[in-house]
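Here we start with a single chain on its own, the form predicted on its own, put down as structure tokens.
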């Protein structure tokens, strides 16, 4: 069966990432079925090779030396909507290789609430539970019913409940306590038929202001369009004609801090923006911290820089190396730490550093 796997040698990985940096993979294979995924891991295990699993590459920075092992790209396709339950819920099961925004669009067109604020985020379905993808006040953990995975320890396919996934802000067991153990093959989301959209994030509220749009009771479709407008203004929607979108999206997580730390920040720069979290802590925009630390939109350092439209995005201006990306990341982090005493943590997965 190993002969059925179309394994390639010395494949450049940069084209498989939205940032466009990274060296070659020793071996590369794209799998479209769970059986192929299992076989690919068996192939690697028999040869004692390191494995790197990738999806759409929208949240990935690979080192210039590449990956001296086998890269497995998850390419499973397919979506299934269940009939609505008596309570008005519809379950959507989407394969890991489906384009995320296509799935969000389909749910919105079906008048299903639960994913509308996550419109325009690049990447594939399989990556959404890993980082508990979130934006504009909504996270996938709010609607994920279960995650189907290949368990590398047990060598079999398993289904994990929402609780078993251990979701927290931008994290799950998939990128923390069980990092590397599971490979997502599909995700099931529980959505509300005809439900109200989630409108709690200040920036989204401003964009939907009735005085600007004329809409007094926004639908999930209205929210999706508003989110896409906001993201396009920031070049946070992948567009080949927009050099500012050649990035890994938001490069830093918004730090969640205590009230005491917020007061400390305010003592350095008055009136910092913040978003209060349910647990009493506050989220401070990393973009604001970065700008206040001297790194403005359009900042350039060699072949890399900061987007002209969004200070959270490190962009490849053309011909950049991974070392240049990491160099700018480090400079930004150090400046924020020095001025505000806050550690910024990168959002993308860093491979080979």
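Keep in mind the model is a prediction, meaning the values are calculated, not measured. Positions refer to the first chain, counted from 1.
There is also a form predicted in complex with a small molecule; it is not shown, and the following applies to it.
Proximity of residue 58 to the small molecule in the predicted bound form falls within the 4.5 Å heavy atom cutoff. Contact check for residue 126: a heavy atom falls within 4.5 Å of the small molecule in the predicted bound form. Within this chain, residue 189 is remote from the site of the small molecule in the predicted bound form, having no heavy atom within 4.5 Å. The small molecule is not drawn, but in the predicted bound form it has no heavy atom within 4.5 Å of residue 197. Note on the interface: of 241-249, 79-87, 198-206, 217-225, the segment with non-hydrogen atoms within 4.5 angstroms of the small molecule in the predicted bound form is 241-249. Residue in contact with the small molecule in the predicted bound form (any heavy atom within 4.5 Å), chosen from 53, 29, 320, 284: 53.
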